[in-house]
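There is one chain below, alone, in structure tokens, taken in the form predicted on its own.
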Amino acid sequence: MTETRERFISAATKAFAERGFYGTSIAAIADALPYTKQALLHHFGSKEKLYAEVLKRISDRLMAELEGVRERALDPRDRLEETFVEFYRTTIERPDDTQLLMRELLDNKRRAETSRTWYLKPFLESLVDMVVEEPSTNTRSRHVALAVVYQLLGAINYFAVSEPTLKRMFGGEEFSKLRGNYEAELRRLIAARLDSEQ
């Protein structure tokens, strides 16, 4: 991929995260860079195609990270826990991606009716497979496993996007303590959810 396309995708990710799909214009993305709106359209064709490329990039990264955890020599239970913890760490490191994914869930009502490609579905299905395949969870139903996955991802994403508000609400020092303990609490939540009766 060319450097120009990379710069467009990076600027678009930030803009879509801040303002959502409908609140972001091609012109605003181009204005953030030393390029014109026409240059952006030359590379992607439309705002919808650029947005799709941003979602695909995030999905590909998440799948690569999931595969990285799968390749480690861990038993299925530890692999499942480490997958969610790794997702948490990445979520904190990539706030624009996290906020964009949250906006996608909130702002997607019109596009959901006509969308033909769900870039995040393979990632969600892989997590569901891991929950179903983990012997100690007693979760053999895919819809229950999806509920487990969504609850855990929700706890991770909600915390990540709440950081600015929590810092202002409780102060930087208190938030630092919270963040310092969050991963341990997340591990307890994962264990409790996986151990609960299905």
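Here the structure is a predicted model, which is why all the values come from computation and not from measurement. Numbering starts at 1 and follows the sequence shown.
This protein has a second form, the form predicted together with the DNA, left out of what is shown; the following refers to that one.
Participant: Mark residue 42 yes when one of its heavy atoms lies within 4.5 Å of a heavy atom of the DNA in the model of the complex, and no otherwise.
Facilitator: Taking the distances in the model of the complex, the answer for residue 42 is yes, it comes within 4.5 Å of the DNA.
Participant: Do residue 34 and the DNA share at least one heavy atom pair within 4.5 Å in the model of the complex?
Facilitator: Looking in the model of the complex, residue contacts with the DNA include residue 34, since a heavy atom lies within 4.5 Å.
Participant: Taking 4.5 angstroms as the cut-off for heavy atoms, does residue 46 touch the DNA in the model of the complex?
Facilitator: Contact check for residue 46: yes, within 4.5 Å of the DNA in the model of the complex.
Participant: Is residue 162 part of the interface with the DNA in the model of the complex - any heavy atom within 4.5 Å?
Facilitator: Heavy-atom contact with the DNA at 4.5 Å: absent for residue 162.
Participant: Just to confirm the contact call: exactly one of 54 to 62, 165 to 173, 23 to 31, 147 to 155 touches the DNA in the model of the complex at a 4.5 Å heavy atom cutoff, so which is it?
Facilitator: This holds for exactly one stretch, 23 to 31.
Participant: Mind listing which residues of 3 to 19 have a heavy atom within 4.5 Å of the DNA in the model of the complex?
Facilitator: Read in sequence order, the lone residue that approaches the DNA (within 4.5 Å, in the model of the complex) is 4.
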